[in-house]
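Take a look at this one chain, the form predicted on its own, written out in structure tokens.
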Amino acid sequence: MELPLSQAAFDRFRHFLHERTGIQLAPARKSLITGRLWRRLWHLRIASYDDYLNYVLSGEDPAETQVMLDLLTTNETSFFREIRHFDFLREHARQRRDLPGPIRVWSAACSTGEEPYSIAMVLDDALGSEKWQVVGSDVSKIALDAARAGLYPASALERVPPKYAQRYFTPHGTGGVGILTALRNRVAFKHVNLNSDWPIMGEFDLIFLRNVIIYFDLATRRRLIDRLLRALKPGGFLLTGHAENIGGINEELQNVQPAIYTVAAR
């Protein structure tokens, strides 16, 4: 049975989540806290949400901070979500086919891996197995473990083009599928908190950051977009969710297609 969450405790969780991840949790999202954390309180035999947050902040169990962030930040995703972005990626890859060097793509909030694997399928199909690199990152270590495993229910193939489903998935268990090992091994996964320091990853031709900044306040969006642009190669592209509008956030951004931006000449 879920425990009650006081407004004061909810405000503390909102502040903590914003401070650590940049996510601005809406005032109406109390149910997210209770729905995702009450089993954790029961497991730890902690009587209230205030006591649980005090336990996290005490540092008595440093790993518990990551457990809480994992539970609160895992978001819905799917293969080939917002298909026009993958059409754009395919055409861009074909135009780059004869140029030197690999095309590098960063899925900056990859959740359980569907987005970076979708990117990898398109690039492998367009360029073969050598001239591309894909990095997926997320704040949730649980999500990253699932992404590295590359195992999904068969229903996850609903939006996957049939030729990709046949080529890049293998049956797994009863009613499950797995990403082909050769493709899975080509995608590098990293633990990255977008609101904190990043590991050195080099520059990218495209960065996918979709359906994420909608949860950030304006100041956090500005800082994040500035940092992302510094990680783009000249002429690179930033892809956001179609429900997200970042026009006016940075004067260097130029909109080239819905939810696709490039950087003005520096």
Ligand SMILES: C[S@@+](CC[C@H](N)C(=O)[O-])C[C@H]1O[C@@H](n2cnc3c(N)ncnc32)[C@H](O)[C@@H]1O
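Only a predicted model underlies this, so the values are computations on that prediction, with no experimental measurement involved. When you see a residue number, it is the position in the sequence shown, counting from 1.
The same protein has a further form, the form predicted together with this ligand, not shown here; the description that follows concerns it.
Interface residue among Arg81, Arg184, Lys131, Arg96 relative to this ligand in the model of the complex, by the heavy atom within 4.5 Å criterion: Arg81.
Within 4.5 Å of this ligand in the model of the complex, a heavy atom is found for not a single one of Phe88, Leu238 and Thr262. For the chain shown alone, Phe216 is a contact residue for this ligand in the model of the complex, at least one non-hydrogen atom being within 4.5 angstroms. Contact between Leu228 and this ligand in the model of the complex is not found at the 4.5 Å heavy atom cutoff. Using a 4.5 Å cutoff between non-hydrogen atoms, Asn193 counts as a contact of this ligand in the model of the complex.
The shortest heavy atom separation between Glu158 and this ligand in the model of the complex exceeds 4.5 Å. Across the options 161-169, 134-142, 88-96, 176-184, residues that bring heavy atoms within 4.5 Å of this ligand in the model of the complex belong to 134-142. Heavy atoms closer than or equal to 4.5 Å to this ligand in the model of the complex belong, across 200-228, to the residues Arg210, Asn211, Val212, Tyr215, Phe216, ordered by sequence position.
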